[in-house]
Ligand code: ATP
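Just one chain follows, in the form predicted alone, and it is written as structure tokens.
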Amino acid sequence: MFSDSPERQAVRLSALALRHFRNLRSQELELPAEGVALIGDNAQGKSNFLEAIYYLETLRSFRGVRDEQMVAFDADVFRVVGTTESGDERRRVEVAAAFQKKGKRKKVSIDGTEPERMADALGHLSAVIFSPADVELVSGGPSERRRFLDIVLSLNEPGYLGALQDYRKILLRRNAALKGGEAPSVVSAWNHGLIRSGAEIMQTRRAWVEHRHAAFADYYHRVSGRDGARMTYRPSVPLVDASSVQDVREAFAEALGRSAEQERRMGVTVVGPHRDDVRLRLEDEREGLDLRDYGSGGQRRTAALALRLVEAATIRDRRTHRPLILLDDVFAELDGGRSERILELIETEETGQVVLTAPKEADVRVRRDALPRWRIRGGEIST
């Protein structure tokens, strides 16, 4: 399911057009092949610039905000257009995304044509974003880690997004039946679809974590310099003896049967992938302790960086692309030792174009001699 490929090409963002996105001035930019360092004081729009780029990858904000919150205050519509180039023949693809507050309408096109499914517009940049806010992947609740899994797998594993969308629709209707006090036969009528899509989600999540847990441990150790950590999948459905998708379906069906009375009392579905978690544990003198509860600030940030590095490795393996790396002032909250080690990793890993932000030029540490410097002030970028 998660095979590796030795043939990896770089996908680079060659042009970006912005219109009414956050506080950014409407402008058209040509990005250098190696990337760019965007320098500016806080609150000038540096993170917004990276958010606009990453929006073209996932069609959503990496900060988890709604589309309408990204429209400039005095506007009704934002539009972001990116042109990518890949391969020796410089194959060009234009990805455009727009959102209108009136009617809450989103429009996406690839080379001027609207895809039949929104999912077909995802993943054209092969981008990974590193942000100080990533610490919430470790410090936050299970929903943060489920969101991370869902984004990584939706972009890199065929069929996952469709199963996730089906599951969410069915779960919403089943919960409505439970909340409304419908008869057990009405509630259970949704079980077949819930089990079918839910089993595919759980099987894919488990396979990814099992395939990537060693890489997570390696990245964590290389960044920390001494400590170790583990990543394990924690499904709400017992899957110890379930090896195939059919086994997972049967386990899910049994779990739903056992929880029927609790569901009727609570008015909500209590087992399924919407209750899953990924457990991140320390592997040192306090082995087995959850990083969320017992990890220091540095250990949590290290685990978050390791997760992002695993995401970049997934892109390399699944999409055969060297990922576009977006760094949002990523060294600001790391101590000197961790900064040097993550810098070495980013420099030596097989990555493509780098776009980073920093408050001052002295803070540019990744590819410092290769990256052109751009400036930003009041949302206006000068090249």
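Everything numeric in this text was worked out from a predicted model, so none of it was measured. Each residue number is its position in the shown sequence, starting from 1.
One more form of this protein exists, namely the form predicted in complex with this ligand; it is left out here, but the text below deals with it.
- Has each of Q203, T232 and A242 got a heavy atom lying within 4.5 angstroms of this ligand in the predicted complex? So, no: the whole triplet misses this ligand.
task: With heavy atoms only and a cut-off of 4.5 Å, decide whether M70 touches this ligand in the predicted complex.
output: Result yes; M70 sits at the interface with this ligand in the predicted complex.
- Might T351 be said to contact this ligand in the predicted complex, defining contact as any heavy atom within 4.5 Å? Outside the cut-off, so no.
So in the predicted complex, does G45 come within 4.5 Å of this ligand, heavy atom to heavy atom?
So G45 counts as contacting this ligand.
Flag R22 as yes or no: does it have a non-hydrogen atom within 4.5 angstroms of any non-hydrogen atom of this ligand in the predicted complex? Output for R22 is yes: heavy atoms within 4.5 Å of this ligand.
Could you tell me which stretch in 343-351, 27-35, 313-321, 45-53 has residues with non-hydrogen atoms within 4.5 Å of this ligand in the predicted complex? So the stretch in question is 45-53.
Practice task
Within 4.5 Å of this ligand in the predicted complex, which residues of 50-67 have a heavy atom? Give them in sequence order, or say none.
Solution key: Going through 50-67 in order - heavy atoms within 4.5 Å of this ligand in the predicted complex - there is one hit, R63.
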